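Coming up is one lone chain in structure tokens, specifically the form predicted alone.
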Amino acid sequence: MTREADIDAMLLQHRVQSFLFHEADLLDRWELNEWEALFADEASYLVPPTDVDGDFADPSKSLFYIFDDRTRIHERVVRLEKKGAHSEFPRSKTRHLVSNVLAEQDGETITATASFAVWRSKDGNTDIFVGHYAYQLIEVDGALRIAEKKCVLDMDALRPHARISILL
């Protein structure tokens, strides 16, 4: 790798890492409309089931916990902002920790992976969700946007969590 290629790779790594940290901060501050704005027009947000290999899970063969297209992402945000979303009103306190970020660019698409741990506290209980993210990022008008976000849980099941009512 040339020195110029090394510098480009470091800049990409820094840019993607900063983007993912910003996304995590928006989720922890419950700035859901700003979080939604990070998604491209044709984006998807996926959480595969825990009983299959999430990296290779196929939504045509497995029932995903979350399989949102851009319209459903918007509807999820609108629902979570309403008092009628009983599972999140009052809302949970969350802390998203993102680490081990790796990024590669191939043409217009940036592929990124990262490890995550999300703590959710509500009603005297604290749940921890752990796993890794797989992103497809694109640049739109000079800014990174999420084309696909897949949250692969490294858990055998959701018990004792029983549900994913927050955004991972």
Partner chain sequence: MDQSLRPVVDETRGIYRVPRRAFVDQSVFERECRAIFDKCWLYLGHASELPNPGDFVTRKVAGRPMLFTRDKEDKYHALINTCPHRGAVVCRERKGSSPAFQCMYHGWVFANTGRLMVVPGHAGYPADYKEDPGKQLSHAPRFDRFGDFFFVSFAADGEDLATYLAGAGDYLKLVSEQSAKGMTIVGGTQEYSIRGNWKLLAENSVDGYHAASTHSTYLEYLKNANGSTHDTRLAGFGHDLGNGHAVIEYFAPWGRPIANWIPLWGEEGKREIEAIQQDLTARLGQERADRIAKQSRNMIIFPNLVINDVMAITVRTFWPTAPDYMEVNAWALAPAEESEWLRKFRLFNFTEFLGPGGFATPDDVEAIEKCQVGYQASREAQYNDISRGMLREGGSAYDDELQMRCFWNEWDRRVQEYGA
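These figures come from a predicted structure and were not determined experimentally. Positions refer to the first chain, counted from 1.
This protein has a second form, the form predicted in complex with the partner chain, left out of what is shown; the following refers to that one.
Heavy atoms of every residue among Val52, Phe64 and Arg72 are located within 4.5 Å of the partner chain in the model of the complex. Stretch-level contact analysis of 99-107, 118-126, 30-38, 132-140 against the partner chain in the model of the complex, using heavy atoms and a 4.5 Å limit, identifies 118-126. Although the partner is absent here, Ala157 is a contact residue: one of its heavy atoms lies within 4.5 angstroms of the partner chain in the model of the complex. Taking the partner from the other structure, the partner chain in the model of the complex has no heavy atom within 4.5 Å of any heavy atom of Leu168. Within 4.5 Å of any heavy atom of the partner chain in the model of the complex lies no heavy atom of Arg3.
Though the partner is left out of this view, Lys93 does not reach within 4.5 Å of the partner chain in the model of the complex, counting heavy atoms only.
Residues Ser87, Phe89 are the members of 87-101 with a non-hydrogen atom no more than 4.5 angstroms from the partner chain in the model of the complex.
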